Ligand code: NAI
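Only one chain is shown below, in structure tokens, and it's the form predicted on its own.
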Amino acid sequence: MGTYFTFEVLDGNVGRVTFDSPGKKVNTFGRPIVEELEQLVGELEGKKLHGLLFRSGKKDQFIAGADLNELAALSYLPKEMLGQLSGHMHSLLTRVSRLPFPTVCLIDGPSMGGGTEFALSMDYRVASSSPKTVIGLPEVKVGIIPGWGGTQRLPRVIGVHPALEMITSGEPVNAGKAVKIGLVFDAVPLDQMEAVGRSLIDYAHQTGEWKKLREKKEQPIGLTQDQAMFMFAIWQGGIFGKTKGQYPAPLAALDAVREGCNVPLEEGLKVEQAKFAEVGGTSIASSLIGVFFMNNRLQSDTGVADTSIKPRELKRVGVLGAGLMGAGIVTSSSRTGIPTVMVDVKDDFVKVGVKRAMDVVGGRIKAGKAKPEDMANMLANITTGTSHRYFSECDIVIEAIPEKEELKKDTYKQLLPLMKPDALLVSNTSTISITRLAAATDRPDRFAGLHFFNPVDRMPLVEVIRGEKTSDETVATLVAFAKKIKKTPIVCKDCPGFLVNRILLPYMNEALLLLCEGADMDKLDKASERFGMPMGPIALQDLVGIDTSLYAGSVVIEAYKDRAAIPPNILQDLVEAGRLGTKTGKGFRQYTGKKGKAEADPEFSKFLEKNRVGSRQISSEEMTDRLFLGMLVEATLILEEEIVRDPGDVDMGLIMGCGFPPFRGGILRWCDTEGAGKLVAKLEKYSSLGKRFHPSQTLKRMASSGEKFYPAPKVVV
């Protein structure tokens, strides 16, 4: 009996292997486990069995893939070693595929990455019909490709087209879909899986099918030249359209399938080995693996250092304000089964808020992501009214009224006497000091910021802002609540702009300065998009609302006036003219037609000319430098001030809150990739423009020492 694998012989001379990693919630493939598996396979090769069943010893968990710590080290290995690792696993799984008896893999729960590749090396697969059973090859999501045979065995099992869908998207399939595409023989209740597996072994011997399947999987698939050219050209265009060439892994996976499917399996595995090594050691893979780990850390983070602090259960939620943000918060809360009260000053406002909630779920129903009963369940959890008394039984009240400090403070004075004594009061403010707002309440320890991002139903991030007197219990409770409503919380201390807006607004401000110095608006947006942002800074100004941008920007500029550049009055002029962006149909651009397509607006030129300070040609390189270097300086200052607890908080906040490109891993990981020394040299080039381009003490230290925000993992694979 091994540490990880248990082998036993059942009646009928059927072998059964159980994989159960001791002390772990899930099974993963790490170095010691692979070594034990090699020993086990060597023993099985000498046994005369009727057949073999392979299962997991974990309830509702099959195999999660590679060990996470070893995965983190992958991108730091040289290509030669990556190729060797892939080739080693190819050899091992080829031995599994050639065991001298029929083999059946019993899959209950998630089967991911290397777990799925292991399952593909066996003759048959049977899945449990549990909704928790999903099967996938998600490697492209972390910048690599399946490297244990997945790009070669999956197309030979289910066909090229469905295999490409799974491999290039990284999306898993459920048990029902797995049966439909031929990935598994059948999906049955858990207690029937072993019996079905044994029947398959008997069937394999009766028909000899197992030997024919093996022979077929070793051979080329046999696409004609025309079939291959057409199919792969279509897929390549589709992938490039989605990734813009910024994510190489899906294209590398496509190449692996294309070059390997029409040659013998042995040659195809060599193709996969080369492609795996090609993308596995890139900075993009390192960044995406880093994002994966940062996200995992946030999912397990309680928000406080003291592990003895337990969050309170919030059984009833109140939301004050039925506008875009308030209605979005109500939707998120009520959809997850929490009774939620929505209050505004007029019935008409409340009705609009309910309609917004219904539109969100209605859209998901149309897209096949929700069912009609989800709408009924959500509405059953919503109570509406126009009186603060509706909050009397709520465990938390989330204030989402207009961004006016005195209005909020006056509202708290009316609201607090009607609330439960121990209820939490939080604000969705994006700009106003949480500490100052808390001072207007009688419970500063139970007051905090809970800053959602617009649109609430799509944006995963929630900033949990703790004021000077916010208690650990309050923070832990809000973190747990955010997770319960399927958001990702990041805790930060109170400061103007909090986390995301404090870093983002210098970027938007710099775009205005560049525009008025002579930069072309379209080229400015294109420079940002080429860097990887989902849209350029000018388009973003129109989307968030020029009035919102003006107000939030002025708060941040005033707070950091020692380094913030004062932009021209172009935003003020546009607001006074009623040009507020997409919501009014005109801003920097005009938005026409039913879909509000952005078009150049000749009328805008008069606003630009009034605020011009120059007309020089500005290179794309300067635009990119100035847009992102200022963000980097501000991000490092946030760390120096300990506004957040970890560099990953900064990077994940920007990725989730403003679409900073995941393939760069966040602003701080981008600094690591480029090198602090290189970026400090660039900052010095622009230092005459003001203190916003003066490197922080952190950047200076890192430039001289070679230090990184994310040191290379010490794990040796």
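So that there is no doubt, residue numbering starts at 1 and follows the sequence shown. No experiment lies behind these values; they were computed from the predicted model shown.
There is also a form predicted in complex with this ligand; it is not shown, and the following applies to it.
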property: Three-residue site Asn13, Leu40 and Leu99 fully in contact with this ligand in the predicted bound form at 4.5 Å by heavy atom; result: no
property: Val343: touches this ligand in the predicted bound form, heavy atom cutoff 4.5 angstroms; result: yes
property: 4.5 angstroms heavy atom contact with this ligand in the predicted bound form for Asn428; result: yes
property: is_contact(Phe118, this ligand) in the predicted bound form, heavy atom dist at most 4.5 Å; result: no
property: Contact flag, Ala322 vs this ligand in the predicted bound form, heavy atom cut 4.5 Å; result: yes
property: Among 294 to 302, 142 to 150, 324 to 332, 564 to 572, the region lying within 4.5 Å of this ligand in the predicted bound form by heavy atom distance; result: 324 to 332
property: One residue of Asp520, Glu209, Glu529, Glu403 in contact with this ligand, assessed in the predicted bound form (non-hydrogen atom, 4.5 angstroms); result: Glu403
property: In the predicted bound form, the one of Phe588, Phe628, Tyr124, Phe452 near this ligand [non-hydrogen atom within 4.5 angstroms]; result: Phe452
property: Residues of stretch 348 to 365 in contact with this ligand in the predicted bound form (4.5 Å, non-hydrogen atom); result: Phe349
